[in-house]
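Only one chain is included here, represented as structure tokens and corresponding to the form predicted on its own.
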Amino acid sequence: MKKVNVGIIGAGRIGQLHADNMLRSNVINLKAIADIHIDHLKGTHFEQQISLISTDPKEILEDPSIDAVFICSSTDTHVHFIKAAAKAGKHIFCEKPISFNIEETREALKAVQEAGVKLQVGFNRRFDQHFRKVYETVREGTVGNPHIIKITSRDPQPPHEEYIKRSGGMFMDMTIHDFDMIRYLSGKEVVEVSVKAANLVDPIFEKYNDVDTAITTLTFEDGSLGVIDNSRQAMYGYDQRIEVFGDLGVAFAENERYTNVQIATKDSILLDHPKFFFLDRYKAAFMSEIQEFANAIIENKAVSCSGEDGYKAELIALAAKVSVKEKRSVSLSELEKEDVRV
């Protein structure tokens, strides 16, 4: 079977996750990892199994044998590496978001288009088997025309201060997954965004002009509605649920739990907790997304989550930030006309 030769730029948590999955893949050959810090990789299985571990990303970008680059570095470097990889003629997988600035994201997508390479954005939840089943059910028309789409997405605990400081805010860091998912489920474009948000979990968020609790209402182009509720702290675990309500029925996916055992007595019905960490909850989805990316290259077909999808999710995130700041509903069309920074 043909394999895609890959190099990873960025050896943090997500870069190492992808590297581990690639080492188990039957369609990917991981040739190199580059990061400005590589000491933490010394003496690990990565050093033993990967031919090149470097502090210089150019070694990946200039290697003619590498077909694709995974960009897992900090968000402020994404656009630079996307442009460099596109110029080198390499296909690109980029973790979300593409950037914190809409105009820079447009420039990156233009570079990709001109180079004629593929770009997939790392919205791994599209590849979750439960969410994909709901998506397929909606596409098949089983629940009819969607009227209301609901997403609940709550983290088990807040991130540390250093992460909050550079995250880009809750909408660009956390809710952006939900913005992508709601477009994916609907099949329609969002035209208006309205948010009510608060600081209820930890004052550290307010220190960085961020929020930790939000209800986002979205209006789609056909008039149907979406609702997303987010919190940075759910004491019972990683709360991930979706629902699509249509004129013929409803499809929903509940939390994935550590076990599916239920204990029922006359006094109560007990269920296990939801999985606590995103790496546990979406373990299989992370593997599926890189497999589909590699197969898109091998078979020369469209990727499952394009740069345009990444751009649209960023645009909704920007609208959400404007909505909170200006306390109003925001039309996406007004943001596409200019370079808006919040």
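Don't overthink the numbering: it's just position in the shown sequence, from 1. Small disclaimer: the values here were computed from a predicted structure and weren't measured.
As for the form predicted together with another copy of the chain, it is not shown, yet the points below apply to it.
Enquirer: Here the chain is shown alone; which of 167, 77, 113, 219 has a heavy atom within 4.5 Å of another copy of the chain in the predicted complex?
Expert: If I apply the 4.5 Å criterion carefully, the residue I get is 219.
Enquirer: Report the residue, out of 183, 154, 126, 96, that has at least one non-hydrogen atom within 4.5 angstroms of another copy of the chain in the predicted complex.
Expert: So the residue touching another copy of the chain in the predicted complex, by this definition, is 154.
Enquirer: Does any part of residue 24 reach within 4.5 Å of another copy of the chain in the predicted complex? Heavy atoms only, please.
Expert: Yes, residue 24 is a contact residue.
Enquirer: Examine residue 198 and determine whether its closest non-hydrogen atom to another copy of the chain in the predicted complex is within 4.5 angstroms.
Expert: Result yes; residue 198 sits at the interface with another copy of the chain in the predicted complex.
Enquirer: So in the predicted complex, does residue 204 come within 4.5 Å of another copy of the chain, heavy atom to heavy atom?
Expert: Contact with another copy of the chain, no.
Enquirer: In the predicted complex, is there a heavy atom of another copy of the chain that lies within 4.5 Å of any heavy atom of residue 256, even though the partner is absent here?
Expert: So residue 256 counts as contacting another copy of the chain.
Enquirer: Could you tell me which of 272-280, 294-302, 65-73, 307-315 sits within 4.5 Å of another copy of the chain in the predicted complex, going by non-hydrogen atoms?
Expert: Contact-bearing stretch, as computed: 272-280.
Enquirer: Would you confirm whether the three residues 147, 227 and 236 all fall within 4.5 Å of another copy of the chain in the predicted complex, going by non-hydrogen atoms?
Expert: Checked in the predicted complex: all three residues contact another copy of the chain.
Enquirer: Pull the contact list for 252-267: residues with a heavy atom within 4.5 Å of another copy of the chain in the predicted complex, in sequence order.
Expert: Counting only heavy atoms within 4.5 Å of another copy of the chain in the predicted complex, the contacting residues of 252-267 are 252, 253, 254, 255, 256, 257, 258, 259, 260, 261, 262, 263, 264, 265, 266, 267.
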